[in-house]
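Let's start with one chain on its own, the form predicted on its own, as structure tokens.
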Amino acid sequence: MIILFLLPAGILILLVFGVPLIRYSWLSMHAASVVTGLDNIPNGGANWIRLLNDMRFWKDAWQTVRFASFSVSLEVFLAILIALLLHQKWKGRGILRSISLLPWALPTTVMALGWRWIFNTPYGPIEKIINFMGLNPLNILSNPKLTWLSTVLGDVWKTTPFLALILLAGLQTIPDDLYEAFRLEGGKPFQAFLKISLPLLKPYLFLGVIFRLAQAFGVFDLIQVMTGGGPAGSTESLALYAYLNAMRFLDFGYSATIMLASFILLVCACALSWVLIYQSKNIYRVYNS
């Protein structure tokens, strides 16, 4: 009976996720570019050999991993704080809950345009403040050391409410009796969070992290609008690199290879997240035994 209920969702996942993955896997083993007249010609894995020797790919892979790691980690920290705040019973929390979802509801392109204006030199408000204080311009969007941080900030601002909403739903499933019993036993609020809230939030936390990792590894529109991958390719993501190969260079076989490699990295990141969320306590026990 349970299988019958899960069958429609399984078919939908297979169509939306499985079919494109099979298509990319097949296309990555073929040459399909303007050189071949856009015909799919088997090339014996030459795309993968090219990928392993492509320094631009490895640079973009590192930049994508760095972006996803910093962005998702900061979002988890902020989302926990926001979820705990919105879970408390106080006047006006319903209004604040609604307002907190506005960044997530905004289209990414519109939001990215706003952040590009904020970081603009010399017309953005940040540079205006820096100039008013008599300091040297930061040139945020033209400084490779600062530009990628600006993209992380834009992503965190937009997607933290999504993760906070998932964690808030998880907090509302925890019975108040558990906290009351813990308080009567002399437990402190922070101890209640560590011993009750956090363990029971693990499934919701893992679900939110998986969603966010998938979005962060596939980041395209935010980078394209804010920086275009610059300066000097310092913010170019794997999704943007795959897009350029497909739409600008018309090399669809290599573009599929890049996307498939990005998917493999995503799977590894998800596995690492599972270990950190579910197995960290067991690892700590083994380490100290």
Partner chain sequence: MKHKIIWVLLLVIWSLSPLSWQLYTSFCTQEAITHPLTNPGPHWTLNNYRQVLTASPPLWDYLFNSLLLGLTTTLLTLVFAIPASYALSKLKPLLARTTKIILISAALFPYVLLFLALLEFARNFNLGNNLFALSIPYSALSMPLAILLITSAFKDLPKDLEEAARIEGLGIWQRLRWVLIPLIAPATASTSILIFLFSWNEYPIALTWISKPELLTLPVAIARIAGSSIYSVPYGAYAAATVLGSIPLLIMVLIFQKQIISGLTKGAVKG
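Under this definition, the rigid core comprises the largest set of C-alpha atoms superposing within 1.5 Å between the forms. Residue numbers count along the first chain shown, from 1. In this text the structure is predicted, and so the values were computed from the model without any measurement.
The form predicted together with the partner chain exists for this protein as well; it is not shown, and the discussion that follows is about that form.
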Taking the partner chain as it sits in the model of the complex, is Asn136 in contact with it (heavy atom to heavy atom, 4.5 Å or less)?
no
Applying a 4.5 Å heavy atom distance criterion, does Leu184 contact the partner chain in the model of the complex?
no
Examine Ile277 and determine whether its closest non-hydrogen atom to the partner chain in the model of the complex is within 4.5 angstroms.
no
Is Tyr243 part of the interface with the partner chain in the model of the complex - any heavy atom within 4.5 Å?
yes
Which of 142-150, 214-222, 194-202, 175-183 lines the interface with the partner chain in the model of the complex (heavy atom within 4.5 Å)
214-222
The partner chain is absent from this chain, but in the model of the complex, do Ala31, Val72 and Gly229 each have a non-hydrogen atom within 4.5 Å of it?
no
What are the residues of 251-273, in order along the chain, with a heavy atom within 4.5 Å of the partner chain in the model of the complex?
Phe252, Ser255, Ala256, Met259, Ser262, Phe263, Leu266
Using a superposition on the rigid core, decide whether the Cα position of Leu12 changes by 2 angstroms or more between this form and the one not shown.
yes
